[in-house]
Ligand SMILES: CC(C)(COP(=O)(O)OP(=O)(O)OC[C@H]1O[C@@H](n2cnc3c(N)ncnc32)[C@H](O)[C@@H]1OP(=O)(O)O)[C@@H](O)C(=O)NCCC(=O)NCCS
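Starting off, we have a lone chain in the form predicted on its own, written out as structure tokens.
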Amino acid sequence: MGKSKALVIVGNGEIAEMAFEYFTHDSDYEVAAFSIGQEYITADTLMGRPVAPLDAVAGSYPPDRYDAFVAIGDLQLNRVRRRQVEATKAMGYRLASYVSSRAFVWRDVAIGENCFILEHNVLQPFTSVGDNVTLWSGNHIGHRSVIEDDVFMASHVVVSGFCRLGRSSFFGVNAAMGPHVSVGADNYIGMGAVLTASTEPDGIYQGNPAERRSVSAKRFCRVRE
């Protein structure tokens, strides 16, 4: 079947290539090009598509005809991706989200812009996902839980019901949250951490039960505001 929408992927790394695969084979979008700052362009094409410098992309792929998706990871607690999201919107682009056809998303779940939700995620009733959120494969988001903007979640994370995940946080593989847990903004939740109580902002939490480390998460992740 023909594609009904055209897309520019902003980025040229591994996540950009992953986004190309998912949008190409499991969405209504045809990926027309990649775009990145001129200083990061290492080849004229990627995945068989042209790579355009960001300062010229709107001329060849105008925002009234193309949507965009910012495909960048969790660098600086998602600040790098957030800055590029804002810059892409300022150019006039509408930001697409990808939700896998193999994810279970209940009918009333709210999902924001520039989200990347991969296969085998479960989003139960009354949950909501903010803007610029990545949910890698196989996570469980329990009923009435809220994921705020600019979160990156690795695989097989379990979020119980009535939780709130703070903005600009990272969640490692196999982390788990009990019910009614609120995770503060700018948290780095380590692989396999088990949160049985709410956390404070700008913290690194590891272990079972999870404990806060003395170092700042923003300092650890070299965040530039």
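This one's a predicted model, so the numbers in the text were calculated from it and none came from an experiment. When you see a residue number, it is the position in the sequence shown, counting from 1.
The protein also exists as the form predicted together with the named molecule; that form is not presented, and the subsequent description refers to it.
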Have a look at 164 to 172, 177 to 185, 43 to 51, 28 to 36 and name the one stretch with heavy atoms inside 4.5 Å of the named molecule in the predicted complex. 164 to 172
Using heavy atoms only and a 4.5 Å cut-off, decide whether all three of G190, Q206 and F220 touch the named molecule in the predicted complex. yes
How about R212 - does it come within 4.5 Å of the named molecule in the predicted complex, if we only consider non-hydrogen atoms? no
Please check if A96 has a heavy atom lying within 4.5 Å of any heavy atom of the named molecule in the predicted complex. no
How about V85 - does it come within 4.5 Å of the named molecule in the predicted complex, if we only consider non-hydrogen atoms? no
Within 4.5 Å, heavy atoms only: does A154 come near the named molecule in the predicted complex? yes
